[in-house]
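Form predicted alone, single chain, as structure tokens, below.
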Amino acid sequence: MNTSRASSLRNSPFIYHSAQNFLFRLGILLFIYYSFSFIDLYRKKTWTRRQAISTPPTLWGTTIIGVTYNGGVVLGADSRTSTGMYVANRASDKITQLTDNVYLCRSGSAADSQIVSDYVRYFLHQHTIQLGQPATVKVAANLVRLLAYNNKNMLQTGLIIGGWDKYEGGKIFGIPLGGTILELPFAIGGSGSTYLYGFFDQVWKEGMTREEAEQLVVKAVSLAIARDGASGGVVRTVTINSEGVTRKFYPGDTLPLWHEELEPQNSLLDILSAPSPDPMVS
């Protein structure tokens, strides 16, 4: 009796049409749901695109320098980290240690340059353990180049690698945006570098002493600070040679003043009452 009843219900046209109506209504509901989801996604993408067009890009500024001399290298950088017109950090350290004998100068996006340096430091540590000796400057530079080039569509950072090893001595490598690697006697980067190309063309010379190279780096960074509003703060230098690594710190009030620069003051009233600076004499 139950079997025949179930068979009659399955063969009933009422149940067939009810199931057909249910599937039809379910299809309409799914169509409406995904249609609204697509429209919402399109609106979000359009709004994001309009925001990207109307919002000005965030500007980063810095000055980094690497110079070779007779016996090693000198790296230098300012300390201002800016986000557009806002100074996020006025005493940041832009010279990062990769190994005992290799350091990295960072410019561009702080987050991008920091994550690249963290990865390279980890890889070089593993490299040193496997070989049982420190990595060369060229190996470190090529690791940085590999990361920068393979992720060139996502990274916005320019880097300078400098160091000393027992095989080739002091070396400087520049890796600008895009991941190109360049071995150079000196390298400059960041927004302040646009003010320094002519200066380096005039004063650079082969076979400088350590003191001459350090003075050149400090003078160049102070010139960039004077002209570039995105560079500022203090000057840090790192000297690397066969004897090891030497870090130096130059406060902002000890840097040389250039044309139309005002001396450091403790109060705004002191600035207003200060006389006009004398013109720069060559």
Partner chain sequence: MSSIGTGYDLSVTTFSPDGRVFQIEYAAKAVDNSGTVVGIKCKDGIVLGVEKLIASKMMLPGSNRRIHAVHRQSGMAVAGLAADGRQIVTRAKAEATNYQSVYGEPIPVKELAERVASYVHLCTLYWWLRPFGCGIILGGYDRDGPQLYMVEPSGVSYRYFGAAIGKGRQAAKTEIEKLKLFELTCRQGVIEVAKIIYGVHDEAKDKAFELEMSWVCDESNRQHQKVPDDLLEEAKAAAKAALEEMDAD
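Positions refer to the first chain, counted from 1. Note that the structure is predicted; figures quoted are calculated from it, not measured.
The following text describes the form predicted in complex with its partner chain, which does not appear among the structures shown.
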Non-hydrogen atom within 4.5 Å of its partner chain in the predicted bound form for each of H127, Q130 and V139: yes
Partner proximity in the predicted bound form: L146 to its partner chain, non-hydrogen atom cutoff 4.5 Å: yes
Proximity of Y167 to its partner chain in the predicted bound form, heavy atoms at 4.5 Å: yes
Proximity to its partner chain in the predicted bound form (heavy atom, within 4.5 Å), stretch among 131 to 139, 185 to 193, 78 to 86, 154 to 162: 131 to 139
